[in-house]
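Just the one chain here, the form predicted alone, laid out as structure tokens.
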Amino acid sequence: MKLTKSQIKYLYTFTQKHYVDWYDVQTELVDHLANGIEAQWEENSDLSFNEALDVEFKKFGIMGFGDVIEEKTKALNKRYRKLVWKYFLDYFKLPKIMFTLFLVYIYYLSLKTIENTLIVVVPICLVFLVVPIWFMIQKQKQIKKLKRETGKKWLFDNIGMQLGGLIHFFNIGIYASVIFDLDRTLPNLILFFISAFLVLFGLTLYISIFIVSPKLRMTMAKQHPEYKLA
């Protein structure tokens, strides 16, 4: 026996009633529940739909679908960070590595030649603060637009807005300026490491927002016809 369209629709309602608001997670759960119910019917065709559903739901334990949401969140976060790392490493191959080293050298010269290092550091730290905030605002607008057009919420978008958890890492950028003292001269080696850190930090931010995020959204749109690129 196969589930009818009305039964599939009920499974979506069932998952939502059990605190699963994300449509991409609902879809996975509905597929899992449907397969489980159909497997039960192969063994016992006398079972009703509701009886078979009750058996399948109990398999998720006392936490219900909570563990599934947690595992899905961890998996999506891990996937996002893995892709960021992949594209980050690409910048250590020719010709991108030459451009990266050039930026480090230019920033190092700026720190070395400008007496007040805060003039060099504070602006870039402000950029590191403003860009993630701008991204989150734009992402929130996309999420609201998609919700209006499809009536669905996606865990994928929530993970994307958090940059796979990296958004918390990028928050430290604004604090980088506190390591500087107006009356203190730092050794050249320290200035070089600071330059490298800030450039690589900015590179990671750029990759996360402008490379990984769009690529994952395109992949999501291909996997889920219901998902539209806002």
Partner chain sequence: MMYICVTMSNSKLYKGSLNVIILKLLKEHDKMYGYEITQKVKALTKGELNITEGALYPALHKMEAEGLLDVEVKKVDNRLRKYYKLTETGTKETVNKLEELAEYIKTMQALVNPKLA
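Just so it is clear, the model here is predicted, and its values are computed rather than measured. Take the two forms, superpose them, and find the largest set of C-alpha atoms that agree within 1.5 Å; that set is the rigid core. Residue numbers count along the first chain shown, from 1.
Omitted here: the form predicted together with its partner chain. The next part is about that form.
Colleague: M98 near its partner chain in the predicted bound form, any heavy atom under 4.5 Å?
Modeller: Close contact is absent here: in the predicted bound form, M98 is far from its partner chain, nothing within 4.5 Å, heavy atoms only.
Colleague: Give a yes/no on whether K72 approaches its partner chain to within 4.5 Å in the predicted bound form, heavy atoms considered.
Modeller: Taking the distances in the predicted bound form, the answer for K72 is yes, it comes within 4.5 Å of its partner chain.
Colleague: Consider G36 of the chain shown here, and say whether it contacts its partner chain in the predicted bound form, taking contact as heavy atoms within 4.5 Å.
Modeller: Close contact exists here: in the predicted bound form, G36 approaches its partner chain to within 4.5 Å, heavy atoms only.
Colleague: Taking the shortest heavy atom distance, is E51 within 4.5 Å of its partner chain in the predicted bound form?
Modeller: Judged by the heavy-atom cut-off of 4.5 Å, E51 is well away from its partner chain in the predicted bound form.
Colleague: Picking from 123 to 131, 75 to 83, 104 to 112, 136 to 144, which part of the chain touches its partner chain in the predicted bound form when contact means heavy atoms within 4.5 Å?
Modeller: Of the options, only 75 to 83 has residues within 4.5 Å of the partner.
Colleague: Does its partner chain, in the predicted bound form, lie within 4.5 angstroms of each residue among I8, H32 and E226, using heavy atoms as the measure?
Modeller: Looking in the predicted bound form, the three residues I8, H32 and E226 all sit within 4.5 Å of its partner chain (heavy atoms).
Colleague: If you line up the core, does A34 shift 2 angstroms or more at its C-alpha between this form and the one not shown?
Modeller: Yes; A34 is a residue whose C-alpha shifts (by 2 Å or more) between this form and the one not shown when the cores are overlaid.
Colleague: Is there a C-alpha shift of 2 Å or more at L11 between this form and the one not shown once the rigid core is superposed?
Modeller: The answer is yes, as the C-alpha of L11 shifts between this form and the one not shown by 2 Å or more after core alignment.
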